[in-house]
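Form predicted alone, single chain, as structure tokens, below.
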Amino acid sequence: MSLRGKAAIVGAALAGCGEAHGKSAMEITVEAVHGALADAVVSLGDVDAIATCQPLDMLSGLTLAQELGLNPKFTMNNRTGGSSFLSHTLWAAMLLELRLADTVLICYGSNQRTASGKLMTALGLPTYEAPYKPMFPLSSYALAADRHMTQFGTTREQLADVAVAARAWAQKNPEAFIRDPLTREDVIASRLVSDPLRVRDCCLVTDGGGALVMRRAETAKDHPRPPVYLLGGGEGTTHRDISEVPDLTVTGAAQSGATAMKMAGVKPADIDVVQLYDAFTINVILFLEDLGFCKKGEGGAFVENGGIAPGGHLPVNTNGGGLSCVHPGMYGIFTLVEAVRQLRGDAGDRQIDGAELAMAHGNGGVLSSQVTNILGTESTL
């Protein structure tokens, strides 16, 4: 059984992005939920399955059902970090195809900026890493960056160009949290936090939430907005702790991307717009390689000198990404919302002309979980 094109996103919304003073994580989530339902013109009572993953609530599926006053047939609380929501779309498609649910709600929200000003996580330091007092999760990604630089000759300038490209896209997005100009020199001159990564190599700390409504393809056209179809999806898990990773320069995206593109019947060259989980600049380089947009070790050259910026050879993170737009602890759902906007033609000044195929890719843990979704317009079915 193939899930290609069997389910579609019919509603999408963001809420509380940037700073949402006085609001809890769940209040931001609920605001996003009502926005997505309004976008789809679906009533709350029609929702019969929910999927969520809140930062500090291990039973967030139960909390959400209670908060919304729902009695769902299915509740998903799969926790793989920021990749969770791209996994949720696959579970949603399966539920819908098997007719175990008719309307699936996927959502997230966090107030980490106004609540604490730093990353909020329920995870503790791994037992065998804790004695070295790493900055978690930053130092894990710094290890990957250092190894990539050593093994392939990736440069400080190339890492900086990832952040510069994200900022250039953010300047086209009125919802982006930071839109000030950023140069390669600015990134390299910013404060060193975990060698070789500097402050501007790191994602933002913001509030924010997002929500999606999914239904079967056969009813997707009943909604006012153009449906965005899930054409393919795949997952790859390689480790939990960075000390157990088989190879610091290869991620599970090599597996998840290949699975997703095989299901969708597409190849990297077919993709019009790409949304990657850019918690750190090295992520983008690793994922572009592992997802097949360039060969292993050539990611630095691929992104340098505006390669993924507006006007470059591949539009990546067109909202500004986690580096410049929004990053409230888990960024995965924002890759999906931006992909939906691009495929609907709703992205304003940052719109990619003729976008019909989008890739959204989520990362969880410390390069531990990778999940890829291929989304398309009706013309791609």
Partner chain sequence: MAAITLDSEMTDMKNSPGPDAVFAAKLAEGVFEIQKCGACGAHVFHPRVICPTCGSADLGWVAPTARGTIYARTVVRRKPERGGDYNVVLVDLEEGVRMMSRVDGITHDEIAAGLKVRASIGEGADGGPAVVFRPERGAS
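Positions refer to the first chain, counted from 1. None of these values were measured; they are calculated from a predicted model.
Keep in mind that the form predicted together with the partner chain is not shown, yet the notes after this line are about it.
- The partner chain in the predicted bound form is approached by P134, whose closest heavy atom lies within 4.5 angstroms of it.
- In the predicted bound form, none of the heavy atoms of E218 sits within 4.5 Å of a heavy atom of the partner chain.
- Heavy atoms of L98 never reach within 4.5 Å of the partner chain in the predicted bound form, leaving it off the interface.
- When the partner chain is considered in the predicted bound form, P246 lines it closely, a heavy atom lying within 4.5 Å.
- Contact with the partner chain in the predicted bound form, judged by any heavy atom within 4.5 Å, is made by just one of N173, Q112, S194, Q255: S194.
- Screening R147, K296, R225, K262 for any heavy atom within 4.5 Å of the partner chain in the predicted bound form leaves a single hit, R147.
- Segments offered: 136 to 144, 276 to 284, 199 to 207, 303 to 311. Contacting the partner chain in the predicted bound form at heavy atom distances within 4.5 Å is 136 to 144.
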